[in-house]
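So this first bit is one chain, no partners, the form predicted alone, shown in structure tokens.
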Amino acid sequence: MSTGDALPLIALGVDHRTASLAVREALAFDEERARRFLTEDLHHLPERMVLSTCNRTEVFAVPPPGVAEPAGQLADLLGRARGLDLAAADARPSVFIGEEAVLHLLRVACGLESMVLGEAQILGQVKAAGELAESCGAAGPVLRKLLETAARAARRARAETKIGEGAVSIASAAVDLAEKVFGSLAGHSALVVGAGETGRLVAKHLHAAGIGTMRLANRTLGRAQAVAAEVAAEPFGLCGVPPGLRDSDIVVCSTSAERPILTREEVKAAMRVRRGRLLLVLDIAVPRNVDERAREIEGVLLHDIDALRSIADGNLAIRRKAVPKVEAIVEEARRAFENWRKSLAAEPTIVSLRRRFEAVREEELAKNLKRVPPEARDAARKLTESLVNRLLHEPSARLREAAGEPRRAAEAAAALADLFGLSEDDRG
């Protein structure tokens, strides 16, 4: 790759903004399918990676220079890998080429492209995608360096800004509030009422937060059992909700019932048995699932969806204010990657120079090592290796630095070739 070459990196795929849920589901890769795609013998795509989450499926690839229509080929491969005619499905993948693809992956890793701004999980998903590509032999120097750069930028974004501050979804805000009330949830119990998508998300957040024990109630027991299996909870029907209040520290209600499923009297009866132990009730249903008069009962903290949305919106505002700082970190990372890429143009000359120095070192060792006592020969070899490394460090660094300026780089390479007798063939 010469200094004048554009970076042959392509990113192609769909996300929550560009494709419907049905299309995203159809294009999603599980690990087995991703592994099959990554291990397929594709000479025109020696480096490739699949990033597939609930909100995006994207393929990053590094085709060799000169490949005709690489984006079109990649789109065909994506559709074929998932058995989907992209045109017929009205799927229009976004395409990022060269520096745009670099910038896109950096933004994705930092959470700037997520449905939930600043989500923490995406960096782990990007790293897992890179590790899978590596294990399949589909990673190469460009992807490795880009993933390393992206991970460093994402860690900086979370450490130096508030892009990940607080909970910004209703489900995560509910658990965030529970942690503020009780501290660690490890020694506490929770009752989640409703096994729809919101209830499921709350249960997953509670499980991730290390809740001690959890029960999950739903009108349909089969659905409760299915969700409970995901989060190590005990499933039961709605008839078990009032008795369940007696032993639960946290109750989250999210059913679609049209009238309250928990009355003031039921909550009051449970509190008599609890003997003053605090009960946190989070009613995130619309219409509300809990009689609002329950908040008048001593020892009961009742919050509805508006209170939680206020918390989530406040946290989201904090994250949005962090975006310019994160974008500055992304731009710094992009420039660092671009400087690395340009430095590759200097590598043939550096390798040739090192080869010449190593030849001289080996020749001199062969002539003089017999004069050195056997017990000191290993130390002599290491000394000469260290000397060569020290001598080559400065010219190598200067040559890499010059690589970003084609004219300066050519002059530096020519000067080194003249000084050390390096032929054009030596320099690749």
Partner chain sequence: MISVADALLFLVPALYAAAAAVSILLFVRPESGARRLARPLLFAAVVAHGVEIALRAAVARRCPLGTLAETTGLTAFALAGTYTVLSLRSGRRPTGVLIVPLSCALVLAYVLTRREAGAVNPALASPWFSLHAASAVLAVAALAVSFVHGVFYLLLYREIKAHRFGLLFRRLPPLAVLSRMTNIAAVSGFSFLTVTLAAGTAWGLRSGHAGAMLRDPMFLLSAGAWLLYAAGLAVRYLAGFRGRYTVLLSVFAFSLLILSMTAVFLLFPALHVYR
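Numbering follows the first chain given and starts at 1. Remember, it's a predicted structure, so these values are computed and weren't measured experimentally.
The same protein has a further form, the form predicted together with the partner chain, not shown here; the description that follows concerns it.
If you check the partner chain in the model of the complex, you find a heavy atom from every one of Leu177, Ile297 and Leu302 within 4.5 Å. For the options Gly222, Gly276, Gly124, Gly140, the one in contact with the partner chain in the model of the complex, meaning a heavy atom within 4.5 Å, is Gly276. Between the partner chain and the residues Cys239, Val181, Ala186, Val286, the one pair within 4.5 Å by heavy atoms in the model of the complex involves Val181. Although the partner is absent from this view, Asn339 stays clear of the partner chain in the model of the complex, with no non-hydrogen atom inside 4.5 angstroms. In the model of the complex, Lys162 approaches the partner chain with a heavy atom inside 4.5 Å.
At a distance threshold of 4.5 angstroms between non-hydrogen atoms, Val231 is out of contact with the partner chain in the model of the complex. Although the partner is absent from this view, Gly196 stays clear of the partner chain in the model of the complex, with no non-hydrogen atom inside 4.5 angstroms.
Only one segment in the set 249-257, 302-310, 75-83, 197-205 has any non-hydrogen atom within 4.5 angstroms of the partner chain in the model of the complex, and it is 302-310.
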